[in-house]
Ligand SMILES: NC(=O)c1ccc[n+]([C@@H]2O[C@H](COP(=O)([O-])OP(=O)(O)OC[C@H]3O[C@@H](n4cnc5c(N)ncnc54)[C@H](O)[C@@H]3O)[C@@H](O)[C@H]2O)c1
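Single chain ahead, written as structure tokens, the form predicted on its own.
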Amino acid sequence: MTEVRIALMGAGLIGREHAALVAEHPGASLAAIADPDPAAVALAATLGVRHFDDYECMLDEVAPDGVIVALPNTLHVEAGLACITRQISVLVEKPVAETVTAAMRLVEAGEEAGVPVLVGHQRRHGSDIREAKAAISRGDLGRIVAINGVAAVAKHDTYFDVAWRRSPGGGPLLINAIHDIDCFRFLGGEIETVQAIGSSAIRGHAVEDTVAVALRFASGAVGTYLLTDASPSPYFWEIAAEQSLTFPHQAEDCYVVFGRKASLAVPTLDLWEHEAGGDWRDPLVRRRLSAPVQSCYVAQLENLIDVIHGTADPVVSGREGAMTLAATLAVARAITEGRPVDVAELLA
């Protein structure tokens, strides 16, 4: 296939990671970078690509085949709409928007125009998550009973020198938990209701540092989820799954899917079950499912490339991203209002 030209909007931390991935991929080239920050000028010069302060000018002058939007959340929708207007496939970093209403504006515009909108939930591209989903679909676990998840990491103090990370919307719910919730939806089906409690006792910021969540899925399955960015542990998917671009790998599990026939730990993919005819007093048998380690970030980029070529559909569409955002914001509402929240409230 011919090489696709991908432009980047936003050259912050995540944007720089996208720029490097595109520049290194044999099936793509970085066409241009749009970001008014002086650091973006230096990055574009280093990579040998054109720089623009204004992304609309970039889209008109460069006419890329695809775009990656890594701007602040509040700018995602307008940037995505600019791409849709020009019939350019677009990958929008998570969260797809700051509200569900804004997200649906982007989703519906893309669907009406026939322009693919992808959302940057890279974990769905991970080989362990894909194999776990395949095992569930094959019936290896039987009917899903429950899902348990943990995301615990200790963010360094200087991380919070950036003001927006101390403000509502900048906490681990929308930065980290949204990825876990997306995986829970992928593995267990739609989340129907959430209950949650949150705490900011460790740092005293206006935003949460620790959250405990109870989930009810539409299937009748239930789930529990513990999130904190104030404690060191290996129970964090990027670390445990050997997928982080910055953290060292520490082999552990952070999800367990419980089924009537078997339970499955992720990312190790250890499946536990009784031998045929055994009951709960008999020893359990462990077998490890096979899934080669592959960079989910590279796989996500390759999905964008294939979508641009017209040979694949988005792994995580704009509508999927909006549903994950709704479930995540339902958790935030449950904490604030101290009550169970139906995800449907956010979609109304």
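Throughout, we count residues from 1 along the sequence that is shown. All figures in this text were calculated on a predicted structure; none of them were measured in a lab.
As for the form predicted together with this ligand, it is not shown, yet the points below apply to it.
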Q | Contact test, all of 10, 15 and 76, partner this ligand in the model of the complex, heavy atom 4.5 Å | A | yes
Q. So which of 307-315, 283-291, 29-37, 42-50 is the stretch with heavy atoms within 4.5 Å of this ligand in the model of the complex?
A. 29-37
**Q.** Selected contact from 72, 278, 232, 142, since only one has a non-hydrogen atom within 4.5 angstroms of this ligand in the model of the complex
**A.** 72
**Q.** Contacting member of 155, 166, 179, 86, with respect to this ligand in the model of the complex [4.5 Å, heavy atom]
**A.** 179
Q. Residue 93: heavy atom within 4.5 Å of this ligand in the model of the complex?
A. yes
Q. Are any of the heavy atoms in residue 120 no more than 4.5 Å from a heavy atom of this ligand in the model of the complex?
A. yes
Q) If you look in the model of the complex, which residues in 283-297 sit within 4.5 Å of this ligand (heavy atoms)? A) 297
